[in-house]
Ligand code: LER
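Take a look at this single chain, the form predicted alone, given in structure tokens.
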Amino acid sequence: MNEKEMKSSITYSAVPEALGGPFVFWGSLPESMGLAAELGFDGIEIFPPGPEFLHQQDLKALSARFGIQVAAIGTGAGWVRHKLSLADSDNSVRSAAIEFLESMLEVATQLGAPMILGSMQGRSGPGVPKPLAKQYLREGLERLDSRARKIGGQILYEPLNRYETDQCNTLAQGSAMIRGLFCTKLLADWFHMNIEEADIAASIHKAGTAIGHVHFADSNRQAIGLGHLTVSPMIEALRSTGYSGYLSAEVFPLPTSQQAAYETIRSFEKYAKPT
């Protein structure tokens, strides 16, 4: 593969509490990696319950066996399982959130993969007005970025739509939040962007090289091609920035996991493969 080509990825969840969420594969990780490789994916994005799950899997051996890379490690289990967020009003909860994220960053870095920070960014609430929530988030990102610098890791910060957070909803807001950090890039999720951005392609152009990962999802959070997004301008915008990372399908397993995976790789080959 040319180094400048974008790469395809599919999502896998091992978190029972997230059942029904936007993850394509569930169940056995080796089986999921095998099917992803069979369909032609370059990578797999893993949503584990915690670092212990990743320690229990011989992911380097599995990657070599199936010829598929670990594209990224998600951390949403810290929220859905433990209700940990970087914006909690309780300092002990914020500290526990940092500890969880640092442990995930360590194992992700060992696997050569970036760590995603999405739902654990939290939001404002009782005792935490919006400016304070943003301050807490920035402080947490600074600490994590410092740790990533020391160990050679990378963090992907994901702006979410307004119904999930009031921290950062657009790529422009996300860019401002991570400004000055060394090892933190943006995760551009097309489902969230479809809700919040006036012009997705223009937002991608403006964010430029700050984008480190893309969630390749259609307007209805199903596989690309099953919603109403106009994909070509977004792909061209990514190309214009020199983006060569993953297009990763964080989508619902609809109508089935295998069909969602098939539609994703079909759309990837249609839109993202060089002509």
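As the structure is a computational prediction, the values presented were derived from the model and not from experiment. One-based numbering along the sequence shown.
This protein has a second form, the form predicted together with this ligand, left out of what is shown; the following refers to that one.
Trainee: Work out which of N194, S103, T170, S119 lies within 4.5 Å of this ligand in the model of the complex, going by heavy atoms.
Mentor: Filtering the options by heavy-atom distance leaves S119.
Trainee: Report yes if any heavy atom of E250 sits within 4.5 Å of a heavy atom of this ligand in the model of the complex; otherwise report no.
Mentor: Contact check for E250: yes, within 4.5 Å of this ligand in the model of the complex.
Trainee: Is L160 close enough to touch this ligand in the model of the complex, meaning at least one heavy atom pair within 4.5 Å?
Mentor: Yes.
Trainee: Is E164 part of the interface with this ligand in the model of the complex - any heavy atom within 4.5 Å?
Mentor: So E164 counts as contacting this ligand.
Trainee: Looking at 197-205, 170-178, 132-140, 152-160, which stretch has residues with any non-hydrogen atom within 4.5 Å of this ligand in the model of the complex?
Mentor: That would be 152-160.
Trainee: Determine the residues of 31-56 with a heavy atom within 4.5 Å of this ligand in the model of the complex and present them in sequence order; the list may be empty.
Mentor: Contacts from 31-56: none.
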